[in-house]
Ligand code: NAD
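Before any questions on binding or motion, here is one chain by itself as structure tokens, the form predicted alone.
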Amino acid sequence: MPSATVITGLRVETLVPLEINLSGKLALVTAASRGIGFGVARVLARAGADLVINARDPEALRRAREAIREETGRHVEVAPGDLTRREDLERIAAVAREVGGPHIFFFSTGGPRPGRFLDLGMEDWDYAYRLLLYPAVYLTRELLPAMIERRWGRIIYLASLAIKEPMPNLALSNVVRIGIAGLVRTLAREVGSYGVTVNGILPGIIHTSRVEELARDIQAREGVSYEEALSRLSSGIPAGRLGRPEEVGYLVAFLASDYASYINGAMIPVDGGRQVSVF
């Protein structure tokens, strides 16, 4: 605990150095072979954390591990698996426990099928639940007891701005991802007294391979250049550009640090100011 001094009648806590240092911490990051998950894993490792990283493609996961190891020198274990498969979730949790149990859990996943409500079948709704919500609940149940026993833990879920401002043609995300917000608020109340914080991140348009695919689709459909297609995706963002995966990682690293010990139950946008709703 920081010591306290008294200055002109005020009780002033001695502050820790203003540098995020996650040395001695282990983080589990899902969907970490590319995009936001990879960016978050890189930043956590640069801050000193060791990692367990997950993705469906074992080869892509191996490349991500080698890149992070080469850049940071941190220890990185891999836990390949499909987040929609119960048996894979069991293996991911087992790998995380074998290396000591993570102090930090960052949950990320790809998006479900786009489409309007009547375009989607019940199999699409079932898959969206198994992709966006079920693995978050399952892995949290597996990892939370050790955090409570340790009396320190950080759980951070990636959601979407769609839970605040439903987006056209994304009915599945608009509806199912709201469950993450309920999970954040519920857990924050239930486990905050054990030194475990639970927060969510609402990313805007982040420059990932998925966004590049969208830009190429615009390019093909509308006959514009790739650069123009990217520019259209960033229009309406006050920052004037797309976000970078590492910019989500910087917030994750802060939330995972002791500086954020009083931030609990928050849903925080990282969108360059794109969100226009007040709440």
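C-alpha atoms forming the largest set that superposes within 1.5 Å between two forms make up the rigid core. Worth saying up front: this structure is predicted, and the values here are computed from it rather than measured. Numbers follow the displayed sequence, beginning with 1.
Omitted from view is the form predicted in complex with the named molecule, to which the following refers.
The contact with the named molecule in the predicted bound form, taken as any heavy atom within 4.5 Å, belongs to Ala55 out of Ala27, Ala55, Ile68, Ala253. In terms of contact with the named molecule in the predicted bound form, the residue from Val175, Ile205, Val196, Ala128 that brings a heavy atom within 4.5 Å is Ile205. Although the partner is absent here, Thr109 sits close enough that one of its heavy atoms falls within 4.5 Å of the named molecule in the predicted bound form. Although the partner is absent here, Thr84 is a contact residue: one of its heavy atoms lies within 4.5 angstroms of the named molecule in the predicted bound form. Looking at Arg241, you'd find every heavy atom of it more than 4.5 angstroms from the named molecule in the predicted bound form.
Interface residue remark: Leu51 is not counted as part of the site for the named molecule in the predicted bound form, having no heavy atom within 4.5 Å. Stretch 101-109 is the contacting one of 68-76, 117-125, 188-196, 101-109, since its residues have non-hydrogen atoms within 4.5 Å of the named molecule in the predicted bound form. Within 4.5 angstroms of the named molecule in the predicted bound form, the stretch 32-57 places a non-hydrogen atom from each of Ala32, Ser33, Arg34, Gly35, Ile36, Gly37, Asn54, Ala55, Arg56, taken in sequence order.
Once both forms are overlaid on the rigid core, the distance between the two CA positions of Leu230 between the shown form and the other one is 2 angstroms or more.
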